[in-house]
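As structure tokens, one chain now follows by itself in the form predicted alone.
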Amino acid sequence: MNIFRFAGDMTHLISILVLLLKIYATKSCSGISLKTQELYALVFLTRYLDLFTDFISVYNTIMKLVFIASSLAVVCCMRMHRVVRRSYDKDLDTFRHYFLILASFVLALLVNEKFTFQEIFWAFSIYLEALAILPQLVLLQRSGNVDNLTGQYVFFLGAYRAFYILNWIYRYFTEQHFSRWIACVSGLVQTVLYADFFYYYFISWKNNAKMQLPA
């Protein structure tokens, strides 16, 4: 465990807590893509299959369980909560995320570090995570507005990815046999996608600031 990995885990956790705060405090999921949340739930469920086979540390196990439970809680709340589900922007959240799942799985079968059940699903989760933000970005682009909590949620997700890139760089220079190149390349792709979000977030913030200026 290094400081970059820990910072990445904490910012990732904060992003989920911000999302849950938005949903439970406002009783609204407006501006949140259910499809992105379903993809993240699938990412965690397939990445952490080693919960049943390997024990690394108490911290590692707790974080995996927290990410799985929190992602499923968000999906369940958006789908089943009688008040929250009414605010879901279904007409804006139209990205065909099934294609992302199919493409990620095919790529995992073709490009993986070891052709085993667990490693294929690990690679699948890495590829899918790199693309999972796309439905959210499309929804925000179509809505033309980013509220503070939604913006903070995606911001912390971007920070998590940035810290993990630093973690991989650190591990490359300090570990003799570090070879998670699939995660590194996918992480760079994901970072580029977040750059698109920050552009729209800045435009939305700028427009809101103009509206608040006195005439």
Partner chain sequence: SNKEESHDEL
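Residue numbers count along the first chain shown, from 1. Small disclaimer: the values here were computed from a predicted structure and weren't measured.
The following text describes the form predicted in complex with its partner chain, which does not appear among the structures shown.
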Residue-level question: is residue 35 within 4.5 Å of its partner chain in the predicted complex, judged on heavy atoms?
no
Residue 152: heavy atom within 4.5 Å of its partner chain in the predicted complex?
no
In the predicted complex, does residue 27 have a heavy atom within 4.5 Å of its partner chain?
no
Taking the shortest heavy atom distance, is residue 156 within 4.5 Å of its partner chain in the predicted complex?
no
Quick one: 59, 64 and 164 and its partner chain in the predicted complex, is every residue within 4.5 Å by at least one heavy atom?
yes
Counting only heavy atoms, which residues in 93 to 124 are within 4.5 Å of its partner chain in the predicted complex?
113, 118, 119, 122
